[in-house]
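Below: one protein chain in two forms, given as structure tokens, structure 1 then structure 2.
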Structure 1
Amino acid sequence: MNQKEKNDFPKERILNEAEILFAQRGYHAVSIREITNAAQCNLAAVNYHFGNKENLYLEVFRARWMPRARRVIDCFDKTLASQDSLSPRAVIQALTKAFLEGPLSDEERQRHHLLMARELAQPTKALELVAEQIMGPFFQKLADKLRVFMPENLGEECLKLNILSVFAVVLYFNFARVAVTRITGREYDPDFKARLMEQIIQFSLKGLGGSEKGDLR
């Protein structure tokens, strides 16, 4: 069943329109009536499929946000697996590629980031869900792959902050594309994405220990 056929079902239409509205305005600013009007269905359909607004919001994350996040993580895993050897450069390159050149369309990317930005601004149970099932495991994966290259006296907190710093740079260049384009005058074409990937890698390696070598210690 393709997406167009799925959209013929009230549940799918409700999820699609709810995600758009939640991404645009946040959970608290959107009413069920606005969602049902956009989805061209009645309140009974929301009650039947989701029970209430909170359940609908959580289902948007389960059925829309989290599958997209897993696609990005799968891209990271495949890119890293294709490298000849494991190194900090290989890990950062795979992470950058997954976001800048990854599997999400422009529409999916914008909706994905806006939805999370709203959630981070006013956290709900959705953040707990995402942290437990997506953020936590992926962060642990990054930590496990990079820890072996870090100085032996580097504490766990510093390792986490280093990884968060790398992640923040990647997310910024992925989300703030309009701002980056206006400042640099460059569109996000393949050449500029490659340039950005190398910039992020070099910048991150400096922060992790200032080495191109596999071992930063």
Structure 2
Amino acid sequence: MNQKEKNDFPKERILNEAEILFAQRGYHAVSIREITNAAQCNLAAVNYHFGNKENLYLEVFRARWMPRARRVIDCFDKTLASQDSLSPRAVIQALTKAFLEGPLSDEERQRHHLLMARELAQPTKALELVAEQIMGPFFQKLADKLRVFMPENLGEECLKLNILSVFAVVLYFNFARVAVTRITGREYDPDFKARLMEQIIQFSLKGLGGSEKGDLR
């Protein structure tokens, strides 16, 4: 059975619509009626397939969010592997690219980040899940790649804080689109996004290590 057919089962349609609505308005603001209407199926289908509303929410993370995050990480890995030499610039660039362009469509990415922003503001079991299976391992991978470029005397904690700072910049320009648009007066069109990527890379790279060309050992 191919993907298209599979996506036409009510269970799949419910997951799709639930994700969209939860991302847009949050868990409590969305009713299962709304979800099943959007998915064009019966109200009772949610309870039949997922038991209850909370478990549907978790399943959105298990069956949608996490696979998508893995695609983003794969993209990061591939971009990095295609470079002939590993450098901080290459790492940051691959990271920024995977997060801001990468394999996701604009809507997909916005949904993805909104769901995570909500979890960070108000953690549920979903964050537990994601932190354990996705964020933790990926962060470790980043640390391993960057460690060799940092000064020898730099502690492990300092390395972590530096990487978190890079994440901060990358994520902020996604989470806080409203604020960014308001301040700069610019919409997130391809032009501005290219501009943003350049800004993020430059800023992070400098923040990470000093000047751009190889101060990092």
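Residue positions are counted from 1 along structure 1's sequence. Definition used throughout: the rigid core is the maximal C-alpha set that superposes within 1.5 Å between two forms. Fair warning: this is a prediction, and the values are worked out from it, not measured in the lab.
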request  = When you get a sec, tell me if the form predicted together with a further copy of the same chain is 1 or 2.
outcome  = 2
key: Distance moved by the residue 39 C-alpha between structures 1 and 2 (core-aligned, Å)   = 3.2
key: between structures 1 and 2, how far the Cα of residue 187 shifts once the core is aligned, in Å   = 5.4
